[in-house]
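In structure tokens, the next block holds one chain alone, the form predicted on its own.
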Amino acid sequence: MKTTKKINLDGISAIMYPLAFGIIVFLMWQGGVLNTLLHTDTNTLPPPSRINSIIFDNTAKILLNLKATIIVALIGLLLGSLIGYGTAIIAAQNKKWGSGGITLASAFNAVPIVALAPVMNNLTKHFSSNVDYRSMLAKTIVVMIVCIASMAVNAYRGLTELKPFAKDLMKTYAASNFTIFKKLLLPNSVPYVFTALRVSLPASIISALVTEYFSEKVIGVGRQIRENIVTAQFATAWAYIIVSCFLGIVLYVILLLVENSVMKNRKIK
């Protein structure tokens, strides 16, 4: 009983402390205390009430740009995760060279997005005469590259860190490689896959936003942040920043709910 009560208190504390901190920051921001502490005017750091009014007054335009960012981030995340998992499978089949290959794949994370985005724009400029297609392709490729390493590294661990003699036991029952993968390797890698997704999801949104700074097509939350900062429309830029933060939080919560459901079903089985 005491253990259950302690777990409940820990869960409440984990929610209440960040919430209380957020409320304090919000009140300081709305009351102008942050402006005083940071020595900024209300044009550079507008109060939340002004940002909120801009969001509601420009809902249609914001949703249009938000949709463009979500599409790029999720498609890039999906493709990057699939390639990363496929890389992990190949590496797990040949452990002698596999660890080196995974290390090489993780080196992609060392490439700055701000350097990668312009390069991809130049590489894809002849892909299509339609700026919509080539711009989306360039942004998706950048997000995809960013997401490959995390999935490859974590999935490789899930495919290789097995219980002692588990794989040998299945081989003694004359299980095929596909059966071993389906019954042993794949289920064992599921927690590692979600660990990778928890890293890759925020990274996909950030890389999508940064890539939009350099894209040809003037659409997307990242591009709108840039355009409004350049024209000194800081309140509108803040509106897009808030929306992008909200997007990241919502997608992350959805991922956690899916993970909790999948892992709970695995435990029941």
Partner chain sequence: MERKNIKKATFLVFAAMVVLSFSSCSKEESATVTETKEVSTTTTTVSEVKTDKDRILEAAAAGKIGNWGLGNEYEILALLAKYDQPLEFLSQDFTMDGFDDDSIELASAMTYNELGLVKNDYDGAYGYGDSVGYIDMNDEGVAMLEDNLFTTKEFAMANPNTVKAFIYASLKGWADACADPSAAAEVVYKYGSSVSSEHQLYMASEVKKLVETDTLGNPVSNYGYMDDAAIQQTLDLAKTYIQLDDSKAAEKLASLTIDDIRDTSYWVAATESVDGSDLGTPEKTDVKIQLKWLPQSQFMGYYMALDKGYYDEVGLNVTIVPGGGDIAETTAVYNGTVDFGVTWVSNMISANAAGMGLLEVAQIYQRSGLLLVYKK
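Numbering follows the first chain given and starts at 1. Computed from a predicted structure; not experimentally measured.
The same protein has a further form, the form predicted together with the partner chain, not shown here; the description that follows concerns it.
- Can you pick the one in 59, 36, 43, 49 that has a heavy atom within 4.5 Å of the partner chain in the predicted bound form? Contact residue from the list: 43.
- Message: Taking any heavy atom pair closer than or equal to 4.5 Å as contact, tell me whether residue 183 reaches the partner chain in the predicted bound form.
- Response: Because no heavy atom of residue 183 falls inside 4.5 Å of the partner chain in the predicted bound form, the answer is no.
- Query: Looking in the predicted bound form, any heavy atom of residue 191 within 4.5 Å of the partner chain?
  - Reply: Judged by the heavy-atom cut-off of 4.5 Å, residue 191 is well away from the partner chain in the predicted bound form.
- Is there any non-hydrogen atom of residue 178 lying within 4.5 Å of the partner chain in the predicted bound form? Residue-level check for residue 178: yes, a contact with the partner chain.
- Task: Report yes if any heavy atom of residue 218 sits within 4.5 Å of a heavy atom of the partner chain in the predicted bound form; otherwise report no.
- Result: Looking in the predicted bound form, residue contacts with the partner chain include residue 218, since a heavy atom lies within 4.5 Å.
- Message: Only counting heavy atoms and a 4.5 Å limit, does any residue of 117-143 reach the partner chain in the predicted bound form, and if so which ones?
- Response: 125, 126, 127, 128, 129, 130, 131, 133, 134, in sequence order.
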